[in-house]
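Below, in structure tokens: the form predicted on its own, a single chain.
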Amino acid sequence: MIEKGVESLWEEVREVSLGNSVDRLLSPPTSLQFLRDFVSQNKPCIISNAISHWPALSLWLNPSYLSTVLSSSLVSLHLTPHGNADALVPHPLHPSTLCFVSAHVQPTPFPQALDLICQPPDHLVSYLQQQNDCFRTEYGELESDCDDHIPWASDALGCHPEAVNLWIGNHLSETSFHKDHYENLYAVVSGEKHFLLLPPTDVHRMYIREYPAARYSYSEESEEFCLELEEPQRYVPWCSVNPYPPAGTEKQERSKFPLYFNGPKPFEVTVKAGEILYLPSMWFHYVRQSPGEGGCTIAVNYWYDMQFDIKYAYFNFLQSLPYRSTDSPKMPESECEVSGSHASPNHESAAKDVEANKECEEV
């Protein structure tokens, strides 16, 4: 049976390739070691002492330094009521169903944005997380505080990063499960990032379905959010699983998503200030964060283009398999109906798949 084979694959990938924990390197690898041991195997790792020379590690601990350097910068501040942008929330017209919501994005002077993050008011959660190469555009004055690329990664991957992004948030923001079609080098400068990771072979455990797209709209005058469906209507493929269900809903969530909760545990890693996480392309990840000395968590990530090679073909093949859980035989994983809409086929073209992920990308 396909079902038994897929479920065996989850365990075998861990036994043969990944092990039970994410490797930690005490020093940066050579480009050959990085390519051979991690990139080619699509295997994550955490690297220490790779950014110890960055001035950012000491300078950015002082919020006044950042506010002074970026005193005249207008930045894209993402606002949500609960810290749950790019996530699933109750549909504004049909609360028993879900929609995919994006944050309200507001151009804000950087010093004001940083104050809202470090001293959050009760009615909103602020996050600097614009994912459009923002570090080299909106935050260009800070570029000399970091490397413009990761040399051993660039050598191994044969290119420089397509985008470099800056992330500044607090403990209230979380990023829901998703995957990216990039090789991601994620460097933490202040605070800690807490990741749950699952390999691409676990795709059926994510219950990816299509949800109507919506967006928060925020009024400064009333200090209230409004949830608005996008027009024209658009649907976004997204992971349905929340690994941390709200209190009182755990039993219900476990029964809805048995493949996730009853299957192999996700890899749990904490990336501390001064460390880099290599997050391979197409790995599913959920992210929380803890603030550092300045009251916020700061990270810089480098997105390198992934190779659309045989690994991508294998993933698309696996994802396209009609799958019915042995735990929940009445709920086939390939079923993607949401509020009367039908998901696009799992074997969509690479271009469409990448575009969807660019529109939906955390964290």
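Just count from 1 along the sequence shown to find any residue number. Worth saying up front: this structure is predicted, and the values here are computed from it rather than measured.
One more form of this protein should be noted, the form predicted in complex with a further copy of the same chain, which is absent from this view; the next part is about it.
Peer 1: Can any non-hydrogen atom of Pro200 be found within 4.5 angstroms of a further copy of the same chain in the predicted complex?
Peer 2: Yes - in the predicted complex, heavy atoms of Pro200 and a further copy of the same chain come within 4.5 Å of each other.
Peer 1: So, Asp23 and a further copy of the same chain: in the predicted complex, are they within 4.5 Å at any heavy atom pair?
Peer 2: Residue-level check for Asp23: no, no contact with a further copy of the same chain.
Peer 1: Quick one: is Tyr304 in contact with a further copy of the same chain in the predicted complex, heavy atoms, 4.5 Å cut-off?
Peer 2: Flag for Tyr304 set to no.
Peer 1: Heavy atoms within 4.5 Å of a further copy of the same chain in the predicted complex: does Ala156 have any?
Peer 2: So Ala156 counts as contacting a further copy of the same chain.
Peer 1: Heavy atom within 4.5 Å of a further copy of the same chain in the predicted complex: which of Gln41, Asn62, Ser67, Ser48?
Peer 2: Exactly one residue meets the criterion: Gln41.
Peer 1: Have a look at 148 to 156, 262 to 270, 166 to 174, 89 to 97 and name the one stretch with heavy atoms inside 4.5 Å of a further copy of the same chain in the predicted complex.
Peer 2: Within 4.5 Å of the partner lies stretch 148 to 156.
Peer 1: Give a yes or no on whether every one of Ser76, Glu220 and Phe225 sits within 4.5 angstroms of a further copy of the same chain in the predicted complex by heavy atom.
Peer 2: No: no residue has a heavy atom within 4.5 Å of the partner.
Peer 1: Can you list, in sequence order, the residues from 303 to 321 that come within 4.5 Å of a further copy of the same chain in the predicted complex, counting heavy atoms only?
Peer 2: Stretch hits, in order: Gln307, Phe308, Asp309, Ile310, Lys311, Tyr312, Ala313, Tyr314, Phe315, Asn316, Phe317, Leu318, Ser320, Leu321.
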